[in-house]
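Next up: a single chain in structure tokens, the form predicted on its own.
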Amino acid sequence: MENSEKTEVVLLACGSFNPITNMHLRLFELAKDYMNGTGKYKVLKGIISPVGDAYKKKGLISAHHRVIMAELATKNSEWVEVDTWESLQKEWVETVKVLRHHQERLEASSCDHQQDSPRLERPGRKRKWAEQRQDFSQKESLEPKTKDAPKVKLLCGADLLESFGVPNLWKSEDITRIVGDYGLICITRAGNDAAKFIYESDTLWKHRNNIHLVNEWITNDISSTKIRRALRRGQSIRYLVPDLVREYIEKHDLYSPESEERNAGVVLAPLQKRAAPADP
């Protein structure tokens, strides 16, 4: 299959990245290898989108620091980049809206690129814009369809997939739109129940062809939670996070017992937004 027949894909990972770890970066590599290996897709780039401070997760440090660490982690990557749009929003933004933002941006960029392509006009003849637009519309219907914009797909771990089952954490219509309109690439591990979880959900089962489960055969149990625990205890995190990230954490003394208590007792933003009001 030629590249022109492949669906171009952009991988979007949303999350706390508190802090970003080597495992987060591995997710992108695993997903890219899998998607390109199907012969149906061509991964163009990956986007890391750290959640904003309004998410109110316990132990979540400032988005300013989390974005910088993500940028340091991807400094040498040729295809993974950091986007700050979500992190700069004053209110918490649903994941489906972040997906929509990036899809619309890709479509606008693709449209601008196509409009910038030179079009030949007859020399020595000036026509009104309305006439030119009419001619262009007629010509457009006769010409082959222009190339579609790349498709954004949500990259995640099995924990995010299974969080769809947590009451009030996700709106059911958002889950439908995420898996139906965009699609998921979920990195799972041997023995993980992601496939069973999809089977037991009518919504996920309906859109199962748009959910790609990627096995992580070289297991890696690094997590941000474990990194923070090691830091609180004064233990080394070398080789668990990129060196530049480790140096930044040490320089700014980012994680401590005090930082872990940030937002303690505060209800997580999506739960605040979706929880039914208590009976009087």
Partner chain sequence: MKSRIPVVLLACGSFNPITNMHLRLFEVARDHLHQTGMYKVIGGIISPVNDNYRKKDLVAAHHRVAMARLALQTSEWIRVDPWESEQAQWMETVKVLRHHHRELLRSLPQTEGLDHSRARSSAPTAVPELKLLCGADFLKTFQIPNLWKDAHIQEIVEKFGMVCVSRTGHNPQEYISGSAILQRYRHNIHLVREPVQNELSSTYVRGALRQGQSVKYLLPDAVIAYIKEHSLYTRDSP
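Residue numbers count along the first chain shown, from 1. The structure presented is a predicted model; accordingly, all values stated were derived computationally and were not measured.
Beyond what is shown, the protein has a form predicted together with its partner chain; the following relates to that form.
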{"query": "Contact flag, Asp253 vs its partner chain in the predicted complex, heavy atom cut 4.5 Å", "finding": "no"}
{"query": "Residue contact check: Ile47 to its partner chain in the predicted complex, 4.5 Å heavy atom", "finding": "no"}
{"query": "4.5 Å heavy atom contact, Ala54 to its partner chain in the predicted complex", "finding": "no"}
{"query": "Non-hydrogen atom contact Asn220 with its partner chain in the predicted complex at 4.5 angstroms", "finding": "yes"}
{"query": "Its partner chain: the contacting residue among Val245, Ile237, Val43, Ile61 in the predicted complex [heavy atom, 4.5 Å]", "finding": "Ile237"}
{"query": "One residue of Ser163, Asn76, Ser172, Asn209 in contact with its partner chain, assessed in the predicted complex (non-hydrogen atom, 4.5 angstroms)", "finding": "Asn76"}
{"query": "Full three-residue contact with its partner chain in the predicted complex, heavy atom 4.5 Å, for His102, Ser109 and Asp112", "finding": "no"}
